[in-house]
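What follows is one chain in C-alpha cells, specifically the form predicted on its own.
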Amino acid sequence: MAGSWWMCCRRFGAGFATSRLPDTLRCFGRRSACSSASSAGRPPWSSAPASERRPLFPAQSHSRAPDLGASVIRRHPGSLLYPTLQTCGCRATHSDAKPRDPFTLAQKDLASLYDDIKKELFVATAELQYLCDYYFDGRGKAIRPIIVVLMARAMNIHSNRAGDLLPGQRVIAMISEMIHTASLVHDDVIDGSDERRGKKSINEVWGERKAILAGDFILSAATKALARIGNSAVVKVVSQVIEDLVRGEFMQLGSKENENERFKHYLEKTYKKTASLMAHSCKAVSILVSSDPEVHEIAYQYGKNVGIAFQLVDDVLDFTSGAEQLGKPAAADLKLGLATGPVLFACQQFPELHALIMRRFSSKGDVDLAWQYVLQSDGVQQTTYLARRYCEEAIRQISRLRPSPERDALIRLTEIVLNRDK
C-alpha cells in the first residue's frame, strides 16, 4: 500500500517539479483524461477539451481527511465523483483577459479592516488593549480576509446581485483574521516561539499567561461579532473552525508509525489547523447570498484546497527560505519535532529518517541530520507538486462560477500562493 502511494506521487511529480502552473494544468489535464474512470455524471474541467474532461479527485465530506492524499492511498471504484451543478447555473469558463491582482481588487473593502477589528477589541484595560492590538498592525499577509472578500463578491455576482459586499460578509472577513491571529498567539505559547512577523512574540514580551488570555479575548470578540450577523447557519459553519483548530493542535502533538497513516495524519492536521478557516469562511459568505448547497460547496472546496496548498508551501519555505524572509526562524518545524511534507517524502528515499521522526528529532544532531536528508532528496519538489495539485482542484471548483473579475482574481491567487517566498 505504501509503495503505490509514493510511486504515484513521484510518477506525477517528476514531470512537474519545475514547470509553471499553466503548463502543469494543461499537462495534468491530459494525464487525468487517460487515467480516469467513466465520466458519467461528472462535471467538466473548464480548461480541457470536452473529450478529455475529468474530475481529478473524489468527493469528500467536510469531516474527513483532505481528499488528494487520501484519494491516492485508497480509491473507491464506482463511486460518483463531484456532483454535476445543473441546478445552480454554474459555468465552467473564465475570461481570457489577464486576471486583476487579488490584493488590489480587495484593497477597497479591506482599507479599514484592522481599524474595525481594533474597535471590536476595545477594552478599558490599557495593557490588554495593547496586547490584543499587537498583531493587528497591518504587517500580516491578510490572505484570509482577501480570499473571503473576493469570494463574497464572486458569489454575489454569481447569484445575480451587485458585487458589493453585504455587511455580514465583511464581518466574516474580519472574523477570519481575528480567529487566525488568536490561533497565532496560542501557537506561539505552545511552540515557545519568541518571534512573529519580524518582531518579538506576545508571549516573549508579556509572558505566556497574558498571551493566552489575549488570545482568548480575541476569540471572544470574534464570537460576539459572529453572533451579531444573526444567521444560525453561518454561526454553525464558522464555529466549526474553532473546534478544528483545537483538534488540529492535538493531532500535531502525536504521530503515526505506519507511513500511509502518517501522511494522512499530516494532511488532516494541515486541514484542521490551516485550511478549515479558509474553507468555512468562504462557505459562510456564500450562505449569506445563496440558498443553494452546491454553491456553498464550491466556496468551501476552493477555500479548503487553497488552504492546504498554502500550508504545504509554508512547509517548503521552512527548508528553502531564511529567517529574514519568513519572519520566523528557519527549520522551526524540525526543532519543534514536526515531520512535514518535505520530511515525509524524503523518508521514502532515506528510511533512516523514520527513527528520527518517531523520536521527534529529539536527540542531539537529529535536526541537522534530517535537514541534510531533505535537501538530498526530492521532498521539497514533491511537496511543491502536491501543493500544485490542490491549487488545480481549487481552480476547477471556482471556475464553475459565473465570470467576474473577483472569480478570476481567485484563480490568480492560487498562482500567488504557489510562488510566494514568505
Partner chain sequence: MFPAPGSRLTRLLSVSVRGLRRLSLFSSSESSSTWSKVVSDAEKIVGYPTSFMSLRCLLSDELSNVAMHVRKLVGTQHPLLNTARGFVYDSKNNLQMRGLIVLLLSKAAGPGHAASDLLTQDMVSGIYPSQRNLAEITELIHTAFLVHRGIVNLKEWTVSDGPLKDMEFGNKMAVLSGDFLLANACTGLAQLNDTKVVELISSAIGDLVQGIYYESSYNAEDGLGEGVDVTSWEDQTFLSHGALLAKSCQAAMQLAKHDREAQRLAYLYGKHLSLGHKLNSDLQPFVESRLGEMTPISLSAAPVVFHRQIVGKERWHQQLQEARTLRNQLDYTKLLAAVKSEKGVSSAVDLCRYHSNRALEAIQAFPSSEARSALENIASAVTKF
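Remember, it's a predicted structure, so these values are computed and weren't measured experimentally. Numbering follows the first chain given and starts at 1.
There is another form of this protein, the form predicted in complex with its partner chain, and it is not shown here; the text below is about that form.
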So if I measure heavy atom distances to its partner chain in the model of the complex, which of the stretches 343-351, 277-285, 301-309, 121-129 falls within 4.5 Å?
121-129
With the distance limit set at 4.5 angstroms and only heavy atoms considered, check whether Y373, I416 and R420 all reach its partner chain in the model of the complex.
no
Considering non-hydrogen atoms and a 4.5 Å limit, does its partner chain approach D137 in the model of the complex?
no
My question is simply whether S159 lines the interface with its partner chain in the model of the complex - judged by any non-hydrogen atom within 4.5 Å.
no
Any of the heavy atoms of G163 lying within 4.5 Å of its partner chain in the model of the complex?
no
Answer with yes or no whether V189 is in contact with its partner chain in the model of the complex, where contact means some heavy atom within 4.5 Å.
yes
Picking from P167, G198, P293, G230, the single residue whose non-hydrogen atoms come within 4.5 angstroms of its partner chain in the model of the complex is G230
Scan 232-269 and write down, in order along the chain, each residue with a heavy atom lying within 4.5 Å of its partner chain in the model of the complex.
S232, V235, K236, S239, Q240, I242, E243, V246, R247, E249, F250, L253
